[in-house]
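Just the one chain here, the form predicted alone, laid out as structure tokens.
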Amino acid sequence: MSKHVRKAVFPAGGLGTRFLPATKVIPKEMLALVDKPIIQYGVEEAVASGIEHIIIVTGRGKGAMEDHFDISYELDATLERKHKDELLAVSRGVSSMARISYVRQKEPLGLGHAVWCAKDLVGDEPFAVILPDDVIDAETPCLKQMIGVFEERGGSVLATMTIEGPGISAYGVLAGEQDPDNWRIYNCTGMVEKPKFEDAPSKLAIIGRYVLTPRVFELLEKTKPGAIGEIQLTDGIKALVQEEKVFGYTFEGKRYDAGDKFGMLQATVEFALKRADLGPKFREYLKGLGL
């Protein structure tokens, strides 16, 4: 098996019910964070991490994502005719960003099933999974950090962050022990999905970045649906832990949950404040609110 991670899977078939009514027609992955759709941040992270092939797992009503990353001849021709060169560069930059393929998840049968749907396009090689809802602001892209760990250690890598207090119950939580040579690495022996606070095996929550070996596809195929009829990625990784090395990795950077209204608002404010063209004016506006 190659140690080079060339492909990234983006599960994007969810209904986005937390953002209704906006997501009744617009895919949640296409909601704008400042001036880019949420999913574009993940695609840019993947490309900056050396990923060569993006595989987006879609569902019904998700055609806007395909249109977004495709060439828009009418738009480009109009911008060129009006000599709007900067905007033309933006439009062409999106359509030439990466090699992107799409595969359809015909039924919403869970995250594990969504990842499994990409198996034929991934093939027999390690791959990344990026959940578009998790937007990570980092100097070195989070996925690039994780690929470095994978190449060094030779095992699957799960992105983790420390959650203090009862909030840990909203996540999958790692069990195992800290690596003696690198505090950011956690040698995983198992995981518990959304445990009670008092039952959590650690403070390390798994968030939406994974580097996995292709063995996980076979294990997901054998995974039985849970109580709500869905096949969970966590269950496939639990089985993987029994066969191969799996590591948790506490990444450098800040994660925003853009699948949550409050998280989306946080990300919008903080990303806007970092922008040279928006930050100064926006900061003065916020100060003027007298909050």
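Since the model is a prediction, treat every value here as computed from it, not as a measurement. Don't overthink the numbering: it's just position in the shown sequence, from 1.
Omitted from view is the form predicted in complex with a small molecule, to which the following refers.
Practice task
Name the stretch, out of 105 to 113, 199 to 207, 84 to 92, 158 to 166, where some heavy atom lies within 4.5 Å of the small molecule in the predicted bound form.
Solution key: Partner-contacting stretch among the options: 105 to 113.
Handout entry: Non-hydrogen atom contact residue 147 with the small molecule in the predicted bound form at 4.5 angstroms
Key = Looking in the predicted bound form, residue contacts with the small molecule do not include residue 147, since no heavy atom lies within 4.5 Å.
Exercise for the section: Decide whether residue 275 counts as a contact residue for the small molecule in the predicted bound form under a heavy atom distance cut-off of 4.5 Å. Expected result: Residue 275: no, not in contact with the small molecule in the predicted bound form.
Problem - residue 79 within 4.5 Å of the small molecule in the predicted bound form, heavy atoms - result: Residue 79 lies outside the contact set for the small molecule.
Practice task
May I ask you to check whether residue 126 falls inside a 4.5 Å heavy atom distance of the small molecule in the predicted bound form?
Solution key: Residue-level check for residue 126: no, no contact with the small molecule.
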